[in-house]
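Shown here is one chain on its own, the form predicted alone, set out as structure tokens.
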């Protein structure tokens, strides 16, 4: 670390990557050292101007950042070359196909990166692959906390806390609402959500052109309603024993791509039985005014700080967001 600040690299500058840059710029304990996208990267030893990154318009590339931006056909490789200058990485890359982010992590570790990570990974198969890298991370004395966004992440961790009131948990239901005024700001997120629709899958969503996505959204008045999502909340909650079976966890929601107002409130409801045999539910409700970016990136950076703490205490490997509390990033 440089002084008391954690040097952070953000991989990806879509909607979540830009939000991450903006939030890091507001923190005194973190410094935005590097960012990259498909066209290039930017690095500054004394820190990049977070607002410059956050204000990149549409598909404007980070290589256009004055003084610090560079064009590259292998921007991830360029960040790997900076491995000894980066303490922590937030992964804001699209995860289509499922093995994309796990393969990126493997490449970084094999390339010599020995720092810490967090991500906002959502799909169960992708997270299973991440946990498969546990030995690799331990050998590299690295720490990776996966599923550290909103769901999985904030809401899943809340379920762990809620479960403490019960001797047996019957069901966990997560129902989210997201409002974004322009879907192009969150292209990767929208593609991943489309993959959950009946008749669609990861491969089909990845192959869709922007025009085809626009047409799909227009046919649904800009809204997608998703049920029985293949979300890794089930994996994380069975992993720590909150539930015995994955089918006890249900995730769904509504995203409106034409308004910043949430179409429904985001809730996590955990139902179980107390030691007295009484059936009850705890409900955790997110404020409607908090955006998807705030609810995903805030926790992810808190878990990134926890990963730094774990490494300082010589605890290495791949962990889920249900295994530790995030830290408050000042």
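What you see is a predicted model; the values in this text were computed from it and never measured. Numbering follows the first chain given and starts at 1.
FYI, the form predicted together with a further copy of the same chain isn't displayed, but the following is about it.
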Using heavy atoms and a 4.5 Å limit, would one call residue 242 a contact residue for a further copy of the same chain in the predicted complex?
yes
Do residue 287 and a further copy of the same chain come within 4.5 Å of each other in the predicted complex, heavy atoms counted?
yes
Taking a further copy of the same chain as it sits in the predicted complex, is residue 306 near enough to touch it, meaning that at least one heavy atom pair lies within 4.5 angstroms?
yes
Is residue 298 part of the interface with a further copy of the same chain in the predicted complex - any heavy atom within 4.5 Å?
yes
May I ask you to choose, among 120, 116, 154, 251, the residue with a heavy atom within 4.5 Å of a further copy of the same chain in the predicted complex?
154
Single option in 133, 80, 158, 140 placed near a further copy of the same chain in the predicted complex, where near means a heavy atom within 4.5 Å
158
Using a 4.5 Å cut-off on heavy atoms, which residues of 265 to 297 contact a further copy of the same chain in the predicted complex?
274, 275, 276, 278, 279, 280, 281, 282, 283, 284, 285, 286, 287, 288, 289, 290, 291, 293, 294, 295
